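Heads up, the chain below is alone and in the form predicted on its own; it's given as structure tokens.
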Amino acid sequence: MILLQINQLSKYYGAELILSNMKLEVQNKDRIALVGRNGAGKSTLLKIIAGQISHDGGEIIKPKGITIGYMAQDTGLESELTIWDEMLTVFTDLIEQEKELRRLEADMARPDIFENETIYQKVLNEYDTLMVAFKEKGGYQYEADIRSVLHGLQFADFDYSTPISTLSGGQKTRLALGKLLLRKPDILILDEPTNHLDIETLSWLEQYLQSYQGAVLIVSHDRYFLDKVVNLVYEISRNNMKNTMVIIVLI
């Protein structure tokens, strides 16, 4: 399934041409690296795809409903919330659904509803429909997902009630990455995601991205990391782009 297409895209900064004739296609499960010399326009292209900045020519085609998650270089998570409460904000809809399920359960136990077959059946049907939706969206596992991501990003030994505002810059960057991963966008865009990651965390991220259900688009100077994660490389050179397949041989 094609998630995104870029055709003849161009970008100017003032009179200077930064990107021209950009062509890119992203399909589900793609693991794409954007490579090129510093100043070639890699980060600019990521920002355009993510909707952070505009482009001056060409088109970006994206099917309705496709979600894009973007993390810029050295992005720190600024929040007055605790680690746990901030991660929970990703799942606001599920939390509201869970509250509604509890309300419906309480309603079904009320004598005035339980003893009225018509009303009881209506509440039961509403409960069943909401239960299915809640389950399909991961309602029974979102807390486990939070713990798994925090553990992978080396927060297992932290008190999750720790205010984010008290953390270091590197820790805030890892939390920003964790929050983005928990959102599970259809296209995950990462600009230099290996900054501030130690070897153990980097190894976890490699495995996480290898099994990611959507597409991944990465800019990184860490060739070892890219070799582990990506299967397609687009090189930006002289304002243009060319792609080459990366063949990974497993021995």
Ligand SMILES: Nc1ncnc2c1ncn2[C@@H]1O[C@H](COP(=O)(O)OP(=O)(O)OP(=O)(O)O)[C@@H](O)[C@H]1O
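Predicted, not measured: the structure shown is a model, and the values here were computed from it. Don't overthink the numbering: it's just position in the shown sequence, from 1.
Missing here is the form predicted in complex with this ligand; even so, the following discussion is about that form.
The partner is not drawn, yet in the predicted bound form one stretch among 200 to 208, 30 to 38, 181 to 189, 61 to 69 has residues with heavy atoms inside 4.5 Å of this ligand: 30 to 38. Contact annotation for His55: none of its heavy atoms lies within 4.5 Å of this ligand in the predicted bound form. Interface membership of Arg223, defined by any non-hydrogen atom within 4.5 Å of this ligand in the predicted bound form, is ruled out. None of the heavy atoms of Thr194 is located within 4.5 Å of this ligand in the predicted bound form. The shortest heavy atom separation between Thr89 and this ligand in the predicted bound form exceeds 4.5 Å.
Applying a 4.5 Å heavy atom cutoff to this ligand in the predicted bound form picks out Tyr13, Ile18 from 5 to 21, in order along the sequence.
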